[in-house]
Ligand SMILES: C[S@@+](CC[C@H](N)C(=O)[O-])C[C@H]1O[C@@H](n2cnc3c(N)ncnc32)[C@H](O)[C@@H]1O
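Presented below, as C-alpha cells, is a lone chain in the form predicted on its own.
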C-alpha cells in the first residue's frame, strides 16, 4: 500500500511534468475549448499541475484560481501564470466559501483522491447556482491513427499490473457520472475531445512515462520487472509514432434554486 499521498509523486516530477511531450497541454487546450467559458468567468482549476487548463482559460479572459496539493507545482504555476491566483490546497478540503465560482475543472485528478466523492462534493459546494463542473473521462478514439501506440501502451500496463504489490500504482477507477449525480449535479452532458502528440523515439516515450503519474506504477514494479517494462515500453516507439487519446468532457451543472426555495 502506498504510504504517502499521491501529490508526493507530482511534487517530485513538477520540473519535468508535460515538458517531455506536451500531452496534457494539448488536452487542456481542447477541454477549455469544449467547455467554452466566456470573459469574466470565475474559473477554479482543481489539481492544476503545470497549468494545462490555466493558460487557455486566461486567454479567454477568465478570472482563474488554480490549486494543487503539490507545492512545487504551485510554485511553477505562480511563475508561469502570474495573472492567476495560485494556491496549495487539498481537493477534498477547498478553503473557499460556498458559491465562489462559475466553473470548476478537475483534469485527471478525482481518481487520485483518497475520497473521490468528497472531491466532487467540494466542487459542487464552491460553485454558484448554475455553475458548471467539467472533468475528462475515457472515450473511444473515433478515427484511430495507423501509427498510434496508445493501445499497445495500455496493453503493456495491463500485462504488468499483476506484478504490483497490493495497493501499488496510483489511483482507482471511478464512475464520474454517478459521483456527479450523487453530489447534486444535473443536466450532465458529454463533449468529445481528442489529441494526437508525436513521439520522437523510445527515450522520449520512457522519459514521458516517468514525468507524471505513471511514475508510481513504474516504481512499484519489482526491479527485474521494471527493467523488462522499460525495455518493452521503449520498443513501442516507432518512426512516425503518436500518442492518440480521446476523452469525453463530462459537464454537470449546479442547479439554481426554485422560487419556493429562494423564498424560504
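Residue numbers count along the first chain shown, from 1. Everything quoted here is computed from the prediction, not taken from an experiment.
Quick note: we don't show the form predicted together with this ligand, though the next part is all about it.
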None of 112, 153, 179, 126 but one has a heavy atom within 4.5 Å of this ligand in the predicted complex; the exception is 112
Considering non-hydrogen atoms and a 4.5 Å limit, which listed residue (52, 62, 32, 44) is close to this ligand in the predicted complex? 52
Per contact check vs this ligand in the predicted complex (non-hydrogen atom within 4.5 angstroms), the hit among 181-189, 85-93, 153-161, 139-147 is 85-93
57, 66 and 133 - do all three of these have some heavy atom no more than 4.5 Å from this ligand in the predicted complex? no
Report whether the minimum heavy atom distance between residue 107 and this ligand in the predicted complex is within 4.5 Å. yes
Under a 4.5 Å heavy atom criterion, is residue 120 part of the interface with this ligand in the predicted complex? no
Partner contact for residue 103 in the predicted complex: this ligand, 4.5 angstroms, heavy atom: no
Output the sequence-ordered list of residues from 11-47 with at least one heavy atom within 4.5 Å of this ligand in the predicted complex. 17, 24, 47
